Structure formats: structure tokens, C-alpha cells
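The data below hold one chain only, encoded as C-alpha cells and taken in the form predicted on its own.
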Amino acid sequence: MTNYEHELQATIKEIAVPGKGILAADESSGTCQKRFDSAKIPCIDETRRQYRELFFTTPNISQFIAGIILYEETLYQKAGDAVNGTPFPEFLKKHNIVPGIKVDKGLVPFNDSEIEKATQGLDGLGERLEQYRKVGARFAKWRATYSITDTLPSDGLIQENSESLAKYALTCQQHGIVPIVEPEVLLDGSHTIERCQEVTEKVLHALFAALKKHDVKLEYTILKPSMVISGKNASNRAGIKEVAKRTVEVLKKTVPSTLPTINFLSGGQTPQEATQHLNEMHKLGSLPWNLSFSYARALQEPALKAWQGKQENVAAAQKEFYKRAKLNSLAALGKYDEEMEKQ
């Protein structure tokens, strides 16, 4: 660990900056396909490359974005001729953005369950991390998911995912890579916000117990949690203030102050909701960690609609992306105002 202490420290320092967040551009090809289908864009490696490039090359975006999580395909792709065909990690580094990489290998059924899924990818992780580090990745992400019902998630899945997240995080740190641990409590379902709070608290308690057990250094770790929020099919969904209040309550109960930064996932919220919720949390008094964002769709969706896969729309798409990044940057400082959406 000591060999990489300086590297880990430097990466955290560059990412845990008040008012800056992380762009999650690590959608799998399957997820990309769904998003491209909605805009009638063919999903091939070149269109995916062009899509990622429009975000990476948005002028002055490093004012608001400290790091970008890449999909493995993107890590090895290059920017177009307009920027001299520079490999993406190198391009990001030149523009003061830290390149990261999604390293889990996706979800598999847990204990023959039709609903619950565990995350795979620990086999050969150390070797993969070495390769990723050589081409410029400095942080990584591993996602675990939890479905909510009256009886789920099961204790077995919570334990399994917590162990995997902790083993992954330790392996990352041993290879000089800062880990993002992402325990996502899914928005699907009709559960109440109270049930979500109960589950989120249980999940985070188990995660931090596992991180401690495996001697993961929290000062070189990033938490990417979901917010405490009603199920998307709930009959009486909680408002912005309640989401913010309950989310901060859970974090204060479960997350040690030694963790430097919490970067929320947007998890099915609209772009505006994700911004409003983050902003509201900053109105609840001082917090022991940097509280920011690591959004995918909530940053990208307006840009995708503007782009439509057409070169002539790149500038318009970048304008949409810049706007959402700026609004979330303001929200990460508690300075967002809904009136700004109209500008």
C-alpha cells in the first residue's frame, strides 16, 4: 500500500473538489443500445466513440467535472482527427480530468433468485487493474445492486455484495487505483421512502463493516450511493426536502467522516430531480464529507436528445451537457436555483 500512497492521495485530491463531480460514461454496450434506440441512433463502436467524445471535448468542462468513469472499450479508443487522434485517457489528463474505469463484470443471479443479483469480476482483477493503470486509469468503479420488496434485499445478498465491494476496493488500493464503491438501492418498485431508508442504512452499515474488516483505507475511497427515495411506482412519492433530509440522516449514521467524498448516482431520477435533491442536502448544515455527483443519464440525457447521432448537432449537445454539469456543480455547493433551468 505504502508504494502507492502518494498516487492515491493525489487522485483523491483531484476528485474530491467542492463543486466538481464525476461523469459516469461507463454504460455497457447493452445499456448504450437502449439509449441509442430511443434516439434512433445505430449502436456501433464508432457511434459510441463519437458519443463519448462529445462529452470529453466539451470546452471548459473541467470547471465542473473532476473525473470521468470509462467503459473498457472507451479506455482504448481515441479522440477524432480534430484533436489529433489522442487516446481518450491522455486527452482527459491533458484537460485536467482524471480518467477512471468500470471494472466489475456485471450481475449474475444470486442463490437462484429470480430477483436478486450479485456482482462478478474479482477473478483476475489485479492483472486487469495493472493494464488499466498503464493506459492511464487512476480510479475504478464496482457496482452492486439491491432490489427492494417487503422481504428483500436478503441478508445473504447484502453480505455477499459487501464482501465483494471490500475485496475489490482493497485490490484497487494495492494497485494504486482509488476505488469507487457503488451500493445501488434500486428505484424500481412501489416501496415507501421509509422502507428505502431502512434498506439503505442496513446496506451501508454492512458495507463499511466489510471495508473495515478488509483494511480498506477510507481516506482513499469514494462512495457512490443512491439517494433515499420512494420507489418509482409508489402511490405517494416523497418530495425533495424529505429525500434530502432522510438521505443525509442515513449517511450521518453510517459513513465515517474519514471518507473524503460521496458522489451520488442519479439512478432513474430525471435530470432536474437529481440536481434538486443534491442541492437541498447542502441546505441541511455542515457535512463531514464533500457531497457531490457521479451521474450518467442525469448529465447525458438532454445532450443525447440534442445530438441524435449527427455531427452537425455536436455543438448543441455540448451546450446541453455543459448546462447540466454547471447546474450540478452549483447544486454540489448548495447554490442551485430552479430559475437557472430556464436560462
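No experiment lies behind these values; they were computed from the predicted model shown. In this text, residue numbers run from 1 along the sequence as written.
We do not show the form predicted in complex with a small molecule, though everything after this point is about it.
Enquirer: Look at the stretches 161-169, 264-272, 250-258, 208-216 and give the one with heavy atoms within 4.5 Å of the small molecule in the model of the complex.
Expert: Of the options given, it is 264-272.
Enquirer: Should R297 be counted as a contact of the small molecule in the model of the complex, where contact means heavy atoms within 4.5 Å?
Expert: Yes, R297 is a contact residue.
Enquirer: Look up in the model of the complex whether A24 has a non-hydrogen atom within 4.5 angstroms of the small molecule, and give yes or no.
Expert: Although the small molecule is absent here, A24 would touch it in the model of the complex, with heavy atoms inside 4.5 Å.
Enquirer: May I ask you to check whether E182 falls inside a 4.5 Å heavy atom distance of the small molecule in the model of the complex?
Expert: Although the small molecule is absent here, E182 would touch it in the model of the complex, with heavy atoms inside 4.5 Å.
Enquirer: Using the partner position in the model of the complex, report whether R246 sits within 4.5 Å of the small molecule, counting heavy atoms only.
Expert: Outside the cut-off, so no.
Enquirer: Tell me, which of H175, R143, R138, H191 has a heavy atom within 4.5 angstroms of the small molecule in the model of the complex?
Expert: Partner contact (heavy atom, 4.5 Å) among the options: R143.
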